[in-house]
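Next up: a single chain in structure tokens, the form predicted alone.
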Amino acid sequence: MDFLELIQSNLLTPIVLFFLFGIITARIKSDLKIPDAISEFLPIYLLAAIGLHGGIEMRNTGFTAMLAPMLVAIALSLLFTLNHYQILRRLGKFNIFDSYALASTYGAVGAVTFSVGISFLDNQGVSSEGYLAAILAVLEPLAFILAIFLTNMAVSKQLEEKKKSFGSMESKIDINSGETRSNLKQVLHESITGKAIVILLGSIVIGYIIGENGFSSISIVFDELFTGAIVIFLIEMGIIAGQRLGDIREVGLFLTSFAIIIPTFNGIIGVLVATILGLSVGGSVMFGLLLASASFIAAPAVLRHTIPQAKPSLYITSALGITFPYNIIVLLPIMFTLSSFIHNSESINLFHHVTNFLT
């Protein structure tokens, strides 16, 4: 199947079609709405399912198999977050707060996008390394913590400069600094104890304990209903994305381009690095998706409290309204095509020869 056929077949999957359906219902101003109880339940269910499979895979493969991919993913996530900030600050001319908020949004990972990626691979008849769910749990808070720490450092530097320039206003600045700086310890606690991370980590531990034998008794819930749950959840994501389509004009051309180019670059780098690390076709795609996805659920919850000066309309609209649809419709087929090509027996030999030569 060539690339265009893959995109076409992906467009006709229930997941993408229901997402587009949600967008249409929002644009025609339908009163369709997923009940609040279901919208709160579905992310918990999806993360629990991902975590259980991840824990089982960790038990089967052992911790050593995931150590190198996890360390590399952490390093790339931090590097990409810093790179995002430089691009947004220097080229995009965004202020410090918007730059760090956007940088962390695109440095973090999207659990919903990860769920769609698993379903996409299932449609292709391809599996992936389940322990990538553990990497998802580690990467989720990492970019936020880095961005908030650097924001605090930048604000502190600005305040010190102001104190030197306006000694008479020192007391006033001290008052304002308390409103501007975030408590990193509090951010760390909120990030790690947030319900998404707790349910994901807890499910990984439970999956590791029960193994495949224990999972068989609940597989009908966490296996067979998984795709159906994603479909319902993506109706809501489509409705929210459809409501934000009008905000894209406010985002501007630069950020619109950033929301497409950066995930593509990060995702392709992720696929190439994962292949070098020895991950499978599906594992390389999911590793790339971890680095390409943007957080649009955790990001608003964390950033609204920790970097309140940043505009939510920028990081929510770009992540949910632009990057998420692009990732699930276009970028997933791109990464799958690339990963399949590289893992071809002849291509992978050439690929390893080239990487060995470069290193």
Partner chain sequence: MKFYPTKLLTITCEILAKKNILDIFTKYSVTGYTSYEVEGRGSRGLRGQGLENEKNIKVEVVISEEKLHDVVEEIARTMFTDFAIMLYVSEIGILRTEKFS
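Positions refer to the first chain, counted from 1. From a predicted model like this one, the values you see are computed outputs, not experimental measurements.
This protein has a second form, the form predicted together with its partner chain, left out of what is shown; the following refers to that one.
Contact annotation: of the candidates R249, K195, K93, K157, the single residue with a non-hydrogen atom within 4.5 angstroms of its partner chain in the predicted bound form is K195. For the options V330, A301, M58, M70, the residue carrying a heavy atom within 4.5 angstroms of its partner chain in the predicted bound form is A301. Judged by heavy atoms within 4.5 Å of its partner chain in the predicted bound form, the contact stretch among the candidates 302-310, 321-329, 62-70, 287-295 is 302-310. Interface residue remark: R244 is counted as part of the site for its partner chain in the predicted bound form, having a heavy atom within 4.5 Å. Using a 4.5 angstroms limit between non-hydrogen atoms, E236 touches its partner chain in the predicted bound form. Contact annotation: I316 falls within 4.5 Å of its partner chain in the predicted bound form, judged by heavy atom distances. L121 falls outside the set of residues with a heavy atom inside 4.5 Å of its partner chain in the predicted bound form.
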